[in-house]
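Quick heads-up: it's one chain on its own, the form predicted on its own, in structure tokens.
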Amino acid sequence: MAVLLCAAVVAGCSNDLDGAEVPGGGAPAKRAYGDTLIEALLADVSGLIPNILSDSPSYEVGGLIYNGLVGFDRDLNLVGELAESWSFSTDCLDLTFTLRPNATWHDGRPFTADDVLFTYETMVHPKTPTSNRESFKVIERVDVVGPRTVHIRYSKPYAKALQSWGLSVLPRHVLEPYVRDGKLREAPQNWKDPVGTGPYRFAERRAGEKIVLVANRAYFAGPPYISRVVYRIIPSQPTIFLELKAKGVDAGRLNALQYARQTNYPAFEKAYRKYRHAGGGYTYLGFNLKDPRFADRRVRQAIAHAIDKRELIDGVLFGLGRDATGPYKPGTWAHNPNVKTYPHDLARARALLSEAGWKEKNAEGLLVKDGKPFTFELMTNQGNEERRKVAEIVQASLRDLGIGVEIRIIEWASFIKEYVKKRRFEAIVLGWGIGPDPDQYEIWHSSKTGPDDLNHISYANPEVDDRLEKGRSACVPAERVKHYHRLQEILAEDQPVVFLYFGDALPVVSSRVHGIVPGPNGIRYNFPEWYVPAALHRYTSG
């Protein structure tokens, strides 16, 4: 859900970037078409229709194949993608879009308002497996006024009405039979040959190996400059780093150790440009709240006190991050800085565990209750070194407390499909991406605990539900702030997860790529405007 809010904006961007400063030094160069960008993905996509998916790789690839009606620019302002303009009534009930006249699907068919209607019908269809349904359930009706005009009537005010249409718009002429039969996930277009309107067309996929996209020369905003994008699936951060050093990939993400300690030498600095900006997500230690041990809030609070966040930020992130006290990034308008915190305090942790009945220890030094030692399995995904290190620090911290932790590392796709979605875990180390809007109904509301929903930990709190519902129904930011500040107070007290840190985003891109203009929305918002000067082309154009 949150990842789509940070999707690349491919319309409304200035083409006048020839004179833009080249980060890291060097003179601007003349724009040119051609060349290939090889990018590393830490995990394979789980499909090619983003509307029914929730993982970052699928949204990253899908963001180049599809468009929404709107997107976000460099400064996180909403701008048009497939929508040329729009109007929104003052009571937040009526939204009208005027669509671009020259947008076509990759198969040459024209994009029309009927495709917008079909996307709505898809999202509210009871057999569509999606975590994005709630944003469309508040719609009373969608009317096609003409080929380029669509009117949306909401049943009640909805704060995210406009930005919810950043979701990928889908082609009726391709996908309608699969939606009707409730088999969208099984549609061939979810695995090969997706048909979008975006700046890149699908060319090839080898599962677990690579995905190849080629420039859409008929793109309504003008063809992208880079001719091909090859996503290499490399499920290991150390291996990605080796590939970067060998120039086997042109772009990827560094971890904190690599950024701070392992890339500050002339050859790397010549070959690549490193970027750093406030990350769009946080890392957390999550509990299966159906487990009786973790259902006790005192146990969760004790574990929070046992973990030294400063150790995590300094030891794992090398200072490239900030403490998380809740699901909102410090400095943003919805963040509440005055919530309960959990300083590292083993004495307080032991007292809380004692209150919860964990008073005795066995010969191995493990806490025991009703004859059973307190041990649990902590899962995280393969290839992410930072999460592995977090798990190890949690393991050591809780061992000092008398809790045994066994770490289990699982390949990403299997981890999500077989364990997270099926709730077959005791505790997990994972992260949530967050968007510009503070609505997190999909993650925390008690109704969102199904296998295709995002409340993986089975959290339920009636006041949280109420605040989430009121926060997304208010149109006035000041009123929304009240609800989200109270939401953070409750989450801080409940500790349904231990909010660990917001890590900085640390992307790296080959220095031959120009046109990158960092901003609050990171670097990828204008990806179709990236280019490689002709003299620096490395690959044959595709």
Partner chain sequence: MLLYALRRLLLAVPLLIGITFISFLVIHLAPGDPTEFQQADPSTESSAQARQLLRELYELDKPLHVQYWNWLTRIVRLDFGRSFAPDARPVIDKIGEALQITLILNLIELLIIVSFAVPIGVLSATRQYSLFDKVTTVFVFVGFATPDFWLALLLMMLFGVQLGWLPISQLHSANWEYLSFWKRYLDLASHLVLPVVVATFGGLAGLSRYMRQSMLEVVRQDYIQVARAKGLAENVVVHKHALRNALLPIVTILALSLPGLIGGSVIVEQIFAIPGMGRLMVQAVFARDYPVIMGNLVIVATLTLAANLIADIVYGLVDPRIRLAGRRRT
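Numbering follows the first chain given and starts at 1. The structure presented is a predicted model; accordingly, all values stated were derived computationally and were not measured.
In what follows, reference is made to the form predicted together with its partner chain, a form of this protein that is not presented.
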item	value
Close approach of Ile38 to its partner chain in the predicted bound form, 4.5 Å, heavy atom	yes
Its partner chain contact in the predicted bound form: Pro126, any heavy atom under 4.5 Å	yes
Heavy atom of Ile234 within 4.5 Å of its partner chain in the predicted bound form	yes
Partner proximity in the predicted bound form: Ser46 to its partner chain, non-hydrogen atom cutoff 4.5 Å	yes
Partner-proximal stretch of 319-327, 82-90, 179-187, 106-114 relative to its partner chain in the predicted bound form, 4.5 angstroms, heavy atom	179-187
Residue among Lys421, Lys372, Arg141, Lys290 with a heavy atom within 4.5 Å of its partner chain in the predicted bound form	Lys421
Proximity to its partner chain in the predicted bound form, single hit among Ser397, Ser131, Thr96, Gln163 (heavy atom within 4.5 Å)	Ser131
Residues of stretch 374-409 in contact with its partner chain in the predicted bound form (4.5 Å, non-hydrogen atom)	none
